[in-house]
Structures are given as C-alpha cells and as structure tokens.
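Presented as structure tokens, the chain that follows is alone, the form predicted on its own.
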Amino acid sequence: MFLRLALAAFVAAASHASPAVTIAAPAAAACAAPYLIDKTLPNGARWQMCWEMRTIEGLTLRKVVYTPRGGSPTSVLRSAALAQIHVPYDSGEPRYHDIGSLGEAAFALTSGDCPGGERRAEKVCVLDRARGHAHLKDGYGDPAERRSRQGRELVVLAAYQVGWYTYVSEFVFGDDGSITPRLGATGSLAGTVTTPRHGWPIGVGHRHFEESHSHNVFWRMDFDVHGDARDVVEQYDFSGDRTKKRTMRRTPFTRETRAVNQRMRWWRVVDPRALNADRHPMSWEINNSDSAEYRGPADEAFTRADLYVTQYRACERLATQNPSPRCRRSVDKYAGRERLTDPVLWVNVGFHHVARDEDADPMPIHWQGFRITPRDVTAKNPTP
C-alpha cells in the first residue's frame, strides 16, 4: 500500500518486552521539500510528516511521527484527511456533499493568511503558535516548587472556496503530543430564505429568515501506533448514574463496527506490545464530545454514528459519495463485520448552524473538530 508508513527501518531487533520500544527516524526519502514538514517546538517536541494536496480529499497528511522531548520517535498516523462535509438544510432541501474534488477548490494563501508561517506550494501554511498554558502549578507557596509554562503548537492548514463558504482545514500538533483535526467555516451566508420554522431573522425586521443547516464533517484517520501492525481499537465507558462510584468498562473492537457518543465515553488506538518506560502500552485517545450529533433519514444512514472503525481498504476514501468504482459508496456500508487487523477510524463531528445577525458579512469563523491525546506514550509529562 503506497500509504503505508515509509519510515526508515524500524529497529527490527527491538524487544517488545523491554521498558520502551524505539523506532528509527523517518527516512529522508519519504518525501522532500516542499512536502516534508519537520518541526521542533521550543520545548523540544518534534513533529515530522509529509503532506500532499489530493484532488479529491484536499490536504492530506502522511507518515506522521512524534518525538517527545528527550524521547525516541514513534509513528502515529499513516494518513489523515477530511473525508466529507455533509450539509443538510433544516427544511429538508438542499443536501450538499461538499467534498468530491476539494483539492481543486484550494486557493493560494497570502502572508496574512499564514502569519509568521511558511507557505508551501502557495496553498498550504505551516506555522507554530501559542496554545496557552501547558501547565501551572502553584508550589503550595514555595517559589522553588512553582511550575508554569506556555505551550506551543504546530499548525498545518489549507483553505477552500466551496460555494458561499470558505472552509479552513487545520491539523494542530501540540508540544504535549496532542493532535486536533478541525474545520472552520467562514465566508458568507448562502442567503437561503425559509420560514420561521426553519430559520432565523437576519437583517432589518422579520422579512428574511436565513435557513438553519448542519455541517457534518468526517475525517478519515489511519493510525499506525508505533508501527504498521498490531493496532487495536478500544472503547471506554464509565457506568454509574446518580451514584458516587464509577466503574470503567473496556470494549475491544475485534470486528468492523460503528459507535455513538455517550457521556464519559472515549476511544483509543493502542499497540499492546509497544511499551513506555513504565511498561504501559502506548496509545492515542480520541474524544468527540463536542459534536452536535446530527442523525439523518434512512438515505443518510452514514450520519447515525459518531465513529466508524473499518478494515483498511485503499479504495475507501470518502465517507459519502465515495468515487472508487470497486468500493461501496458510504462509510456505513464499509463497516460490515470483517475482522480488524488494520483498522481505519472515521470520525463524524456535527455542528448545527443557526444564523445570527453577526454572521453578515464576512461571516465569523465557526470551528468543529475532535481531539487526539497521547495516553501512556511517555512515562511522565512531556512538557516540563
């Protein structure tokens, strides 16, 4: 598979019984300028990856590798990309699928679009920026024990003009090992007029009701936790309602499946044999708690889950209106019951846009996305 992680020689003799398993640094030939990103943030955390602008998916990241401060490189993602922006309107029509040739909608960025950053091939911005407090500890009144540090993050972004909307796609990589894929919508309101039942009055009086609609954004995330084999997807729930105690329940996904958000629910992708210095398996936690959780009719069954886990198939590229003729058309059809040996995660994040006067014009950006957090990748805080 051409998307397989092309890191230079994993340490073949690395013992999975040792306190920590290491891999070699990415091969320089994996990609070259301007498609290679290799950034060390001020605290010493390093992110390496390749990018490409695909005709269908737009900005796509490949071979994502994280090196914590003072640690060894560990692979995280084989690939990451947007997989659909589904925009159904509240009156029932129209129903848009905004990704089909997203790369062709990418436009050249100016220096103002990429402040302090580097523009790659005109249409991709690579920059680092402040992310707020990394940590703050008072020290219980002892100045020698006080700890405070501001964090930084690497941002890789592209922008697309799709109809009235301008979409800004960001992949954000924190100096704490976190990853935040997110999409911002700005530009202009579409000007779709509807009745008070399906919209909100915009402008003077109550003559123009701008129609409310949803943005259901899908990402395709192909993890390679510390290598391209052995990844397992697990779901974590915490039982107890109106009680003092909570009991954790772990559910491994051994076959293709779909899952919905619930209170206190999260997922992780883990390599059971790749251990940190505390001998805990390395994993990456996925939290999708900010979704509006749109659920559509029968012909939009792909909206009825917040996470899909499928076996890797190269032809499964989009969550809806998949263009590959030898593959099914939507992610709900991908998730059969095949045994998982190489899982791919599809994350669905919804946002319900009810227009307001402040949206005119240009429309302030509104963001939606999810968070990926390292769980036991290091044995202690990587941002001292």
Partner chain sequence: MRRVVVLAASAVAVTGLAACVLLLPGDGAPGGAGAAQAGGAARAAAPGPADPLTTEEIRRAAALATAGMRSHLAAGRAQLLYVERDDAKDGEGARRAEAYVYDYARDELTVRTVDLGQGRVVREVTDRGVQPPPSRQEEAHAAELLLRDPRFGDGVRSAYRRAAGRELGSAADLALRGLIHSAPRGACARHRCLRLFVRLPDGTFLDTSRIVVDLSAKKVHTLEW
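Positions refer to the first chain, counted from 1. Given the structure is predicted, the values throughout are model-derived calculations rather than measurements.
Although it is not shown, the form predicted in complex with its partner chain is what the next lines describe.
Only one listed stretch (33 to 41, 331 to 339, 352 to 360, 65 to 73) carries heavy atoms within 4.5 Å of its partner chain in the predicted complex, and that stretch is 33 to 41. S101 is the sole member of T247, Q262, S101, T195 with a non-hydrogen atom lying within 4.5 angstroms of its partner chain in the predicted complex.
Checking A134, A305, L127, V162 for any heavy atom within 4.5 Å of its partner chain in the predicted complex turns up a single hit: V162. Using a 4.5 Å cutoff between non-hydrogen atoms, D222 counts as a contact of its partner chain in the predicted complex. Within 4.5 Å of some heavy atom of its partner chain in the predicted complex lies at least one heavy atom of G191. In the predicted complex, its partner chain stays beyond 4.5 Å of every heavy atom belonging to R258. In the predicted complex, its partner chain lies within 4.5 Å of some heavy atom of E93. Using a 4.5 Å heavy atom cutoff, none of V156, D175 and I179 lies near its partner chain in the predicted complex. Residues C50, W51, E52, M53, R54, T55, I56, E57, R62 are the members of 45 to 62 with a non-hydrogen atom no more than 4.5 angstroms from its partner chain in the predicted complex.
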